[in-house]
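As a starting point, one isolated chain is supplied in structure tokens, in the form predicted alone.
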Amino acid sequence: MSRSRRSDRLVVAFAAAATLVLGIAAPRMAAAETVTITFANWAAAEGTTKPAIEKVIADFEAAHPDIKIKSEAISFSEIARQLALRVRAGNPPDVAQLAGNDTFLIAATGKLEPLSGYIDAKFKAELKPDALNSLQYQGKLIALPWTLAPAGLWYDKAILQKAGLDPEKPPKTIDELTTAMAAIRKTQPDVIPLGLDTTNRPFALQSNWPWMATFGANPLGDAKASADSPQMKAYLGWMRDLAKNRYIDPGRKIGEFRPLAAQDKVAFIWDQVLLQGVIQNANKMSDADFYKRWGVTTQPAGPSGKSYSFEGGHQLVMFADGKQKKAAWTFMQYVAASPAAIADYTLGPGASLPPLVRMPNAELAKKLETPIFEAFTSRIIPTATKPPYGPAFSSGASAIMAGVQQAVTGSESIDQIAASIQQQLGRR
């Protein structure tokens, strides 16, 4: 055998041996670890939004193969109670969907992770400042805005026209609204002039808070708050007049007015931006026909001379006891601000507005160029006022809304009702 051939074999043998040794000695490079985060939400519990949130989650997992989402479907009415129990048991989810007073009730447990350390300057600049400011609790940012859903005064133009009213000039004051409701009741007795939630629950107080505010009433909150005030009595008296003249249908939840609105049985309805989707899903009305039939405007101003609204959008919270905070924050950012999530959920069946200063692309910006979205964005959102959310709001809602129900269904004097509300609030 030639020297060169022997040398070649030695090289091959040495290389094989070295490979074997290195293969034994050097550990294999570990694959990226996959983490799972739990997401408690009611979007997956409702038929309208379930397919959309499932798609958002699937798209997120495809873009982040190292993070898996375990979606836990809990009804809207149950989620705050269940989360409070889980926090107490030391078993909260990583992320949860909340809204309104529930966000601040859970914040009061002290178990929400403050988000200031996660949100960087670039992302913060992309979000509407008012949306962020409204989610401060004890000086800390305790939630990320997911959707914005303020309330406005919707009006059925066909009903207004039948009543001899100008369908392009909705009422701007309480007096104009009262005049319009009288005309509607006279010409169309089977139509509810105003759809307004008067049930005894925190959401109803949230919905009525702007109406109290436009009368100058402040029954709950700071040291100057009082339910036994001339302003609160004026609001209660107005509510009694609405019921007496059959301008409202007391006892209905806002969700019960929506299908009636789709049947042209409600002239004005105090509701959130999502109403358009509910009506169109019910009667299959096209966008063009909807904009011809329905409009939305700011709340008619009362004695204060100002219009108010409430923000009924949804938020995302992270729990302090969660083990995967980095992954949780990545998911929260995606759901709230990614173009795909906005297109598939927020502007889709979520039927709300994104919390962003501007849309991330021209296609999404185009979707906001509708009469309804523009009215909410330019005129209604700036009127939003934040109720004094927290445990006191939740407990006080029962006393205040019980008083409202007394005003609209009973005969006790308004002075007595106001004094009774204040007495009940004083005991809490």
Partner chain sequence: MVLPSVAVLAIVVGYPVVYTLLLSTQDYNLLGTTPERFVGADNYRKLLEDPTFWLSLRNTAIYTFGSVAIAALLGLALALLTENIGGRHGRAARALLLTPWAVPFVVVAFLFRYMYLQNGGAINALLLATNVIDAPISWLNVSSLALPAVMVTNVWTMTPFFFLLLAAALAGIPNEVIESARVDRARGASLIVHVKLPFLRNALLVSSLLMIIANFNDFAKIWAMTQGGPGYSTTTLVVYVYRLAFENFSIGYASAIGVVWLLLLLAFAVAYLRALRMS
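Note that this is a predicted model, so its numbers are computed, not measured. Residue numbers count along the first chain shown, from 1.
Beyond what is shown, the protein has a form predicted together with the partner chain; the following relates to that form.
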Do Q424 and the partner chain share at least one heavy atom pair within 4.5 Å in the model of the complex? yes
If we define contact as a non-hydrogen atom of the residue within 4.5 angstroms of the partner, is S394 a contact of the partner chain in the model of the complex? yes
Contact with the partner chain in the model of the complex for A399, defined as at least one heavy atom pair within 4.5 Å: yes or no? yes
Looking in the model of the complex, any heavy atom of L112 within 4.5 Å of the partner chain? no
Work out which of the listed stretches, 241-249, 345-353, 171-179, 288-296, brings a heavy atom within 4.5 angstroms of the partner chain in the model of the complex. 241-249
Whether E78, N200 and E256 all lie within 4.5 angstroms of the partner chain in the model of the complex by heavy atom: yes
Among A340, L132, V278, A108, which has at least one heavy atom within 4.5 Å of the partner chain in the model of the complex? A108
Which residue, K323, R358, R88, K140, is the contact with the partner chain in the model of the complex, using a 4.5 Å heavy atom cutoff? R88
